[in-house]
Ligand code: NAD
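What follows is one chain in structure tokens, specifically the form predicted on its own.
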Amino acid sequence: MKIAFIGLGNMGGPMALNLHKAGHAVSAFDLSAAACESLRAQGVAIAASASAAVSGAEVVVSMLPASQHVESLYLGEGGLLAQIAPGTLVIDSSTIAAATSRKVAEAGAARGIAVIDAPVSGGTGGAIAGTLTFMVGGSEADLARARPVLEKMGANIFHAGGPGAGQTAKICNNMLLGILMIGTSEAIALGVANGLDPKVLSEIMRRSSGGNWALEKYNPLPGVMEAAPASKGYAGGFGTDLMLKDLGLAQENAMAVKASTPLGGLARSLYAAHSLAGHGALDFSSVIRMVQKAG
């Protein structure tokens, strides 16, 4: 299958590579020359532009930072929907506003192009291992077409509902993730301030009623988990500013449907303060620095 992949960042790069390793003919593109060269060195064909990448593609996959990037790519001047052949399947795995996903899907349908939103969970580790969770918004028929592609990048595929539903599921998940990371950070910092060994405390909580994903796979304190971003200077992973963006999407959605999300709002404020303090590019687990005892 000929697949165009647009967006080769911390998540998109490994996803595109997994499709390449699975035997698909991948034509990839990113505005970052360094990202392109990294994939080229691993055997992935790099196109000269997004337009060149989608030429003749049966499936187009995109993984971009925000709504405006997706809208510009597909609907802007010279947008890809005007260049992609009818019958092509578009899979957008960016985490964006559900309204934007619906807008792109409607524009695609008018041209005979199937568009599904398929944001992911699982972090960079899941992207590299091919164990991501996909939350899909679109028709059952379009998901059936996408499944053979998604299965090469993820281990779990959920059909959340119609266009935009995948995005709604994703912002609910990430709001919870942002909240639990702050709670986990507070608990570990409190224990350390009292002289507890953070590894022992983390294991106690992991096996107790406070157990959660952060304690299982993404401990926020350096030195507790060798593979976690915290032990790598909070480099890579899922950036604070990306978490802040997702929490903003959650709050915008909550306002639109008149849902009460007080902890989500507080989490957004805390990550905003963390970002303003100069930590926006660090992994979101670095939020533990806000609650650690000085010295």
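The shown structure was predicted, so the numbers you read here are calculated from the model rather than taken from an experiment. Residues carry their position along the shown sequence, with the first being 1.
Same protein, other form: the form predicted together with the named molecule, not shown, and the subject of what follows.
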Query raised in the report: Quick one: which of 239-247, 264-272, 40-48, 53-61 gets within 4.5 Å of the named molecule in the predicted complex, going by heavy atoms?
Result: 239-247
Query raised in the report: Taking the shortest heavy atom distance, is Ile288 within 4.5 Å of the named molecule in the predicted complex?
Result: no
**Report entry** 4.5 Å heavy atom contact, Ile3 and the named molecule in the predicted complex
**Finding:** no
Query raised in the report: Could you tell me if Asn18 has a non-hydrogen atom within 4.5 Å of the named molecule in the predicted complex?
Result: no
**Report entry** Contact test in the predicted complex: Thr100 vs the named molecule, heavy atoms, 4.5 Å
**Finding:** no
Query raised in the report: Can you pick the one in Gly154, Gly123, Pro163, Gly178 that has a heavy atom within 4.5 Å of the named molecule in the predicted complex?
Result: Gly123
Query raised in the report: With the named molecule left out of view, which of Ile128, Val192, Leu73, Met225 would have a heavy atom within 4.5 Å of it in the predicted complex?
Result: Leu73
Requested in this report: Enumerate the residues of 6-29 that have a non-hydrogen atom within 4.5 Å of the named molecule in the predicted complex, in sequence order, or give none.
Outcome: Ile6, Gly7, Leu8, Gly9, Asn10, Met11, Gly12, Phe29
